[in-house]
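Alright, here's a single protein chain in two forms, structure 1 and structure 2, each given by itself as structure tokens.
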Structure 1
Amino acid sequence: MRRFAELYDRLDMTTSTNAKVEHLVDYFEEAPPEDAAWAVHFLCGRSFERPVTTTQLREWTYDLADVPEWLFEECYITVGDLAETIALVLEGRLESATDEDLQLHEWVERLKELRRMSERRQRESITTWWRQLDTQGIFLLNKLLMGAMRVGVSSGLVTKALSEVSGLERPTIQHRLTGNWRPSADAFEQLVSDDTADVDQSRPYPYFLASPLQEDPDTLGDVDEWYAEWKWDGIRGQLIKRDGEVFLWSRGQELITDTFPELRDAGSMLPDGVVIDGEILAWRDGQPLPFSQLQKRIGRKNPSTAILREVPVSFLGYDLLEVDGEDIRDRPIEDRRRELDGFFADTHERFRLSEPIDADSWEELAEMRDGARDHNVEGLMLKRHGSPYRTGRKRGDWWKWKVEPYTIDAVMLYAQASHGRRANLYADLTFGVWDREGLRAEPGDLVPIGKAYSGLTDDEIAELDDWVKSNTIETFGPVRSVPPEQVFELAFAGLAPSNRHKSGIALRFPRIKRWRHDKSPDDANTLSDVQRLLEDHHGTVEADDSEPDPEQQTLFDA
């Protein structure tokens, strides 16, 4: 297990994604395939049934190390990781470590055997291993025993590394890892095998990505040369049916067929050999629901009937890339749309077409765009007549013409040191708005409304950092509180009710638009101002209880 322990250490000690991939590649190239298979299993965060409970592990540690429970707890608080706390507390109580180095998969076998043992024999086995391993070995054994291997590696990184090792494209690996993949030497060999017949049928096309339109639309020429649609606020996806099988891919090239079983079922009615580019939307009564509703579905594989009923989804098709098994991306958009319009919406009620919007002038389109929020859409898409379906973000044929984001003026409350390029600069800010009526706080207090870090120039960040450092009121770990004196204009893409925020509101994709040196804190917006925006945007100020983790927001790169 030393090789895997070394990999674990390297992954644990770097925050660089590239370095992590490099370490994974090194490991996969050297490790025996059976070990590599289990490494894939654990590093992708797949579950492993715990042979014993953490309570048992703790109790055996108290006895073996002669450390009372309260003292163990003190240690745990300092270390912050149970597997490591046990390993460190046991250090020095241990007999001489053996030189025996079992492979990772041999350890897995040992742990599987444990499941069938009596508690007395489990305890004997584990405490014997603890005595024989060094601290790092105990730590890793504990991690395996606890069935969790969180080391800052996602299945995405593992896929990337395997793609480098095998020379295969990432979707190929991704596809092979979905479903009932079980770790074994054969399974690993097959994972990196260059015979890709098994995955060709599921393969999506690279997406054509629109560029943001920043100029006046007049610069695009005559409005007649353009085909306009709503820019839907959902998840971009490719729906594929080949050889009787349905595949749904996210824009992040993740296979999400199992997340949306109703689309998989509807897809089975599609003719064979089609690939449709479109948008997954929460949809009810002929209307898209806000993105915050769709969020409840993101990241849940095999969702419950309750959630399926609560947030029904539709797939809005806007382009056809393959028909009768033939790649038609080079044909003009009108052709492709004609083909799509001919069958798609009639196949199933969950399938709809993203209808074209007719307008005689840019002014008319601009007006419709300004009303976009009433339709729960983000703005307009402009696609050039006669254009093919290109690859990637090629400027010129596809533009997204978004509605201006919402803005408010808010007061800085806290600053936190940033990471990465802005490491150790206080550029990660928390903002508040006035709660004059005492809706969520004491009347007249500032209530936190959101965090934002992007949007300032390097000079502004340096200035801000100075100000924070010389005006700190209190320090809590990496966070400093500051006097409510600085006003910033925040821009955000939307907002949703939230029980997890004191303000009762979560801002979507907030960023700093401007540092308003010209404004005094009293000029900042109030919570009731923001609630009015919320009502306009969402129709209600009541939060749902089943709000997902906001980090999942970016999961599908929607």
Structure 2
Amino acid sequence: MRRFAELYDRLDMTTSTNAKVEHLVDYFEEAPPEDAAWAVHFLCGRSFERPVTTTQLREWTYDLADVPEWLFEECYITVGDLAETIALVLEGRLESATDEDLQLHEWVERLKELRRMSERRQRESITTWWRQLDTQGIFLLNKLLMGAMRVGVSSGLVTKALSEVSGLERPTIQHRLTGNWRPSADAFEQLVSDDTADVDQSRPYPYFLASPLQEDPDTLGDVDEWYAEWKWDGIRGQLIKRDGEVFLWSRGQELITDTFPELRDAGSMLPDGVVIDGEILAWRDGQPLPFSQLQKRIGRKNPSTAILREVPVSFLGYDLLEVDGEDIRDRPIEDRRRELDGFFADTHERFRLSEPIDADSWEELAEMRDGARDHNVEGLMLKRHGSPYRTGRKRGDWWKWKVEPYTIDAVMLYAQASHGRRANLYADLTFGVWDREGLRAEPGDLVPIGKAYSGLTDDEIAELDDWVKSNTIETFGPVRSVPPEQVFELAFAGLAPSNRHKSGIALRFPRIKRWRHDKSPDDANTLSDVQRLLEDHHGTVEADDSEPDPEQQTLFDA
């Protein structure tokens, strides 16, 4: 555990990519394989079921350190990291730390054991460990308890370090880490082994991710050098048929075979040794349905007959990665598409092919892109002729040319301190629009429409932070209410009706486009404006009151 704590410190103290890789290599070469496996798991941002809640950790800290709740919360606002706040509050208030230095995997086993304990025993165990550890040990233990190990290291840096340690190519490491990879000594040794055999028949391939096209498409050369197809608005997935079994994986590394049983059953008709990359879409009468409809299926591990009938789904394939058990990702896209066309010619009605779009010019494609929302799609995908299926976000061969986002002008209502490097700045903002007709509140009130925290420059954030601190009306824990004076233009990918939100509408992926110093609060949009926007592009859609399963929430996030 001390070795892992030292690694965490070194990674946290540098912004140099090369230095981080060097520290990771040193750790993986020295750590026992069972510890190295868990380090890979945590540093790659993989999920770890929390044995206790953050509310419990807060309450136990109040009592152990003998500090009032309000003082702890003020400290948290200043520090910006709950694990670090607890460690600093407890510093100097506990007896001297012991020299107990369990291995990382032994600590993980302790945390797993917590899940089987009563709350009283959980509290006794955790507070005892806090007493035994120094400040850095408490901090790292808290990180493990919360399942959050953000330390400025991406999975790409971890795989690069593992590649250097093992001598294997990075795509090989990335492939082995996909799917059902579970941290253990054997798993780590297989991860860095020269043995090419793979005993996991369910394992998907790492996804090839398109880069956003922000330049004029003319910069890509002749339009005839590119495939164009719709950018579907669904869940990216890989459909796998091996040894008579069907597996369906999301891009978020979730096995979702049981969530979509109709696709599992249809996949049984495929030949063995096939992996298809595509999109899961809500689909009816030959057309994709809005993503808000597909969201009703997310999180239902055992969907009912009623929901299967209400929201039917299809799998749209757009690439073939494996055929007859052979990895064909290095073949040109023309060859892969030709093989894929053959699979979809005489298969199940649940399978559809993402057809290429013919166009004679970039101008013609631009017109199609402008009408993308009429087809319930997000824009266009551009794929270079002759390109292989790569790993990760490699620029040059695949581009996503998305339609321009929706925009509205909204008034800032609340501000909350952000996290990470902006932990002391009020950059997490809540916005509202005017309810002139009293649709969801008193006539003339502002109703919250969404939250956003990205889009402003560092200088703008500093200016806004000063304004928030000087103009706070009330505080609600870490949240401050402010006068409705500042107007911002929000951009968002989509919107859907939702009774879980006071406005009755949920914005999808909102971000701040610009600070409208040129507009007064009265110039902001109204709730009626947003409702018309919803109706124009989605028609009348029933609001979704269901709560996603937390274990499946990553599907929606992805």
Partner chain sequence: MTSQSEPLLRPQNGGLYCSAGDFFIDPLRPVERAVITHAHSDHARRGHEVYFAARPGVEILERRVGTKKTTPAIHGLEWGEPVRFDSVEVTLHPAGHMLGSAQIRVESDAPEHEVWVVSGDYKRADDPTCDPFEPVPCDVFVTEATFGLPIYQWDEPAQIFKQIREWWLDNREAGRPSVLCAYSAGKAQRILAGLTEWTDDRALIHGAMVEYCDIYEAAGISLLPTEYVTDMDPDTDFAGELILAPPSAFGSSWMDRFDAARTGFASGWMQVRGIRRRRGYDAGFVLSDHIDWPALLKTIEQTGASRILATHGKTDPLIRFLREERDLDAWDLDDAFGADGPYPEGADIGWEASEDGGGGGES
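So that the term is clear: the rigid core is the largest set of C-alpha atoms that superpose within 1.5 Å between two forms. Residue 1 is the first residue of structure 1, and the numbers go on in sequence order from there. Small disclaimer: the values here were computed from a predicted structure and weren't measured.
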* Only one of these is the form predicted in complex with its partner chain, so let me know which. => 1
* Yes/no, Asp358 Cα shift of 2 Å or more between structures 1 and 2 with rigid core fixed -> no
* Superposing on the rigid core, does the Cα of Gly80 end up 2 Å or more away between structures 1 and 2? -> yes
* To do: Please check if Leu133 moves between structures 1 and 2, taking a CA shift of 2 Å or more relative to the superposed core as movement.
  => yes
* **Following rigid core superposition, Cα shift of Thr61 between structures 1 and 2 in Å** => 21.3
